[in-house]
Structures are given as C-alpha cells and as structure tokens.
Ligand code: URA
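The form predicted alone is given below as one chain in structure tokens.
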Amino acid sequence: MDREELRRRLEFYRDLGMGGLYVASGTGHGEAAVAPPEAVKRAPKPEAAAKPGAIPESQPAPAVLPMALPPLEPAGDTLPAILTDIGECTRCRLHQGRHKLVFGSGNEAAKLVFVGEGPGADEDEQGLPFVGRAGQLLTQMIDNTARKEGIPISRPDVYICNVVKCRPPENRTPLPDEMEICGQFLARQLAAIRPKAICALGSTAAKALLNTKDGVTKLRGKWHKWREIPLMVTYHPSYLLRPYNQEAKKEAWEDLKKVLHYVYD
C-alpha cells in the first residue's frame, strides 16, 4: 500500500469517528486494528484483572496509539522529483486532449508563487504557464507594479503554476476530481518551494487552496493561509482582459501591491 492510499484509508476511518489504533502485543503478527475514540477512556484498572473477562495481569493491555496521518509530501521533495513522479500522466481525463503537460516555471527558490486555474491553448502548445494574452498581462502586472513600487523584481523572480497541469477542453473549469488528482502535485510544489506568500489567481485557485466555496469578490484584499503560508486572492488576468472590468483592474493592482510589499520589503 503506498503512502497516498494509506492516508486516504486513515482519513476515512477518522471521519467515521475512529480516534486511535490498537496495537496488540504478544500476537506475533504485529497486527493493528482501528479503535474508536472511547477506547482511550476504557483503559483497564489494576483490579480489573480479577473480574471475569478481564485482561490477565501477565498480558499487557493493548496500546492505543493516536491516528497520525502520514505526510503526502516525501521528505526533501524537489520540483524535478515531483515532475518525474507526474511523468506522462494519465491519471484523469484531461490527458486525452493534452499536447504538453504544463508543470510550472520561474525561480525554484521564489519567495512568491502565483497559482492559476489551468493551461490554455498557448500554454498547452508551449508547455509553459501564462504565456498567452492572460500571461502577458500577468507579466505586465508583476513587472510594472514592482517597478512603480521600487521593488527590484520581475516575472523570472517568482514561480508560476496552475491547479491542473493539462488543458481542460474548451478552457472549461476543471472538475472536482481533476482538481483533486492534480492537487496533490500542486501541494508538493508549494511545499517544496516553501514561499513567503502565495497569490491565488481567480476563484478556481482560491477554492482549491482554501477549500472554500466563496468567490474572489469576497476573498480578495485580505490575507488567508495555506498550511501557515500567507495567501492573497485576486482576480485572474483573463477576467481583467474584459473591457467592462475596469474597477477590478484597480483592485487587482492594490492586491498585487500588498503582496509584493509583504514579500519583498
């Protein structure tokens, strides 16, 4: 059983109310069974050995161990190792129309990571994130805001990736199972880089990272956390390309200023 399957099973038992694991000694087989939470409170008293059905004094009571979930990310994880593990991925339906897998790009030791939704046609063709019209706007947003605020960074200094690594058909929103499958690799990317802050671009990235149903309008402008790493939500550049979203452009600029000053000041 691999690490991910073990974690899923333990989470399943925990959701059912199981709070610990019985580890029986003296069986010779190293067997373990899931114990309900109340089992922890039912530790036998010394005088219980004389009662019918009690555990004999010569036989130690089963130990109740806390149900610790194994980490999903291997120790010492790196971006090249994650990409190798992904391989020629066929884990979900998105691979069927894929030309190139889009893993991520930028500074692998970046202090700031931008997370988008998924690759578009240009990204699928080149194998790089945010290289189409939305990507060009994101580059301008990063470079111009940093320059105006006196922060000496540009796009190559940050890291950019997406929730899903393959282009959804017709650029549709990724489905929950697709996001869950690819999400394990996104989590490993973020854990390996360990940036000072994350900027979620659009509602799909925000929902994936924050496990929320709230939209960008409600989430943006204030700090949240992904595994103790500060996270800011702002509009996706493709949304800002629409001519009627002038007010959103101003808000996105304010969000980006806040992120850049927090990370680089």
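Residue positions are given as counts along the sequence shown, with the first one as 1. Computed from a predicted model, the values in this text were never measured in an experiment.
Not pictured, yet referred to below: the form predicted in complex with uracil (URA).
Q: Considering only heavy atoms, tell me if residue 114 and uracil (URA) come within 4.5 Å of each other in the predicted complex.
A: Because no heavy atom of residue 114 falls inside 4.5 Å of uracil (URA) in the predicted complex, the answer is no.
Q: According to a 4.5 angstroms non-hydrogen atom cut-off, is residue 189 in contact with uracil (URA) in the predicted complex?
A: Contact with uracil (URA), no.
Q: Taking any heavy atom pair closer than or equal to 4.5 Å as contact, tell me whether residue 207 reaches uracil (URA) in the predicted complex.
A: So residue 207 does not count as contacting uracil (URA).
Q: Using a 4.5 Å heavy atom cut-off, which stretch among 75-83, 191-199, 141-149, 114-122 contacts uracil (URA) in the predicted complex?
A: Heavy atoms within 4.5 Å of uracil (URA) in the predicted complex occur in 114-122.
Q: May I ask you to list the residues of 156-174 that have any heavy atom within 4.5 angstroms of uracil (URA) in the predicted complex, in sequence order?
A: Residue within 4.5 Å: 162 only.
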